[in-house]
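What follows is one chain in structure tokens, specifically the form predicted on its own.
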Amino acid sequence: MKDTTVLARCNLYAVLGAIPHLLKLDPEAAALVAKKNVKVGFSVKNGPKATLIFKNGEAEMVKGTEGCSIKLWFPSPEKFNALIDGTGTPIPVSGFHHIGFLLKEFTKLTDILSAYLRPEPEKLADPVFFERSTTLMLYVIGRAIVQIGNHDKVGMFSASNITDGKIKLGIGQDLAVAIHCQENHLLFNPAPNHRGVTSSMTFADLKTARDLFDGNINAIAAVGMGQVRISGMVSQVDNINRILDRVAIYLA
């Protein structure tokens, strides 16, 4: 079972929230907004609100829609989810002179993002594409864990059993994100350091991570084969894995 408001939070903060990472990974995507200075606000009635700020080929997402250049309003979480599924249309309520950016550069940007997150199987044969796609999936999954752990009823139960600390999710030695837990509330950190890490789950390589993300291998079996290494407070990782199971349901 999915909660449509939680799904909207995942779609906004996790899926569209991956756009800043996309711009760092894909030169074509960055070139689309290289000379743009636009703030695109998303406001979902009875749901999440956030703004994507584009400037000099980079982007960041902030909560709220104050000061946005163009504001898109959605009358329900279902309508926003339809936009992400490609079956809905946004309703601009301000900043109409930026509609050109929305229809051209932003649409192309989301098409590139979609190609990475829902790739054609043959594209994964390209090692560069494979690395970018899997890296973006790590960021999306990390952000979705936070939304589901904080707002989904099943996810909140798992989060309530996580001891305060910093749980690191990594691929190899150089790529990692972290989930911070404080009083059962989760926060996402896209660039964690090693300080304060209380537990970690590290995938041996991109292929292992991809197989787990796609559900092609079992996490417990992967640990047994040494493809996934768990350290620190195992209970933290166990509850994060329970939330991860919910991520697969929401982002399937």
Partner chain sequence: MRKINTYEKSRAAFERAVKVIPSGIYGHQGPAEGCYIPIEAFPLYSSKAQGTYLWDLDGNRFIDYMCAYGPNILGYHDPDVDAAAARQRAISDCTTLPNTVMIDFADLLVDTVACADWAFFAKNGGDTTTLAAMTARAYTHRKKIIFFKGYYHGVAPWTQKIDYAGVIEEDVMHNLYCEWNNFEQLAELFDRYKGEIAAIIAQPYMHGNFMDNQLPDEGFWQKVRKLCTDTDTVLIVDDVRAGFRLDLAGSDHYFGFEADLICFCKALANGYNVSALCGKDFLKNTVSSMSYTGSYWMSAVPFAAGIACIEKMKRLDLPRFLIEKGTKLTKGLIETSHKYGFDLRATGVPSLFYLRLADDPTLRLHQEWIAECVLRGVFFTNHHNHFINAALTDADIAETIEITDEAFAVLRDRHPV
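Keep in mind the model is a prediction, meaning the values are calculated, not measured. Residue numbers count along the first chain shown, from 1.
One more form of this protein should be noted, the form predicted in complex with the partner chain, which is absent from this view; the next part is about it.
Hey, with the partner chain in the model of the complex, do Leu22, Lys108 and Leu117 all fall inside the 4.5 Å heavy atom range?
Checked in the model of the complex: no contact with the partner chain for any of the three.
Looking at Gly64, Gly67, Gly215, Gly224, which is the one with a non-hydrogen atom within 4.5 Å of the partner chain in the model of the complex?
When the partner chain is considered in the model of the complex, the option within 4.5 Å is Gly224.
In the model of the complex, does Val154 come within 4.5 Å of the partner chain, counting heavy atoms only?
Contact check for Val154: yes, within 4.5 Å of the partner chain in the model of the complex.
Proximity of Ala191 to the partner chain in the model of the complex, heavy atoms at 4.5 Å
Outside the cut-off, so no.
Would Ser158 show up as a contact with the partner chain in the model of the complex if we use heavy atoms at 4.5 Å?
Flag for Ser158 set to yes.
Asn184 within 4.5 Å of the partner chain in the model of the complex, heavy atoms:
The answer is no: Asn184 has no heavy atom within 4.5 Å of the partner chain.
Which one, 194 to 202, 31 to 39, 47 to 55, 207 to 215, holds residues whose non-hydrogen atoms are within 4.5 Å of the partner chain in the model of the complex?
The contacting stretch here is 194 to 202.
What residues of 224 to 252, in sequence order, lie within 4.5 Å of the partner chain in the model of the complex by heavy atom?
Heavy-atom contacts within 4.5 Å come from Gly224, Met225, Gly226, Arg229, Ile230, Ser231, Gly232, Met233, Val234, Ser235, Asn239, Arg242.
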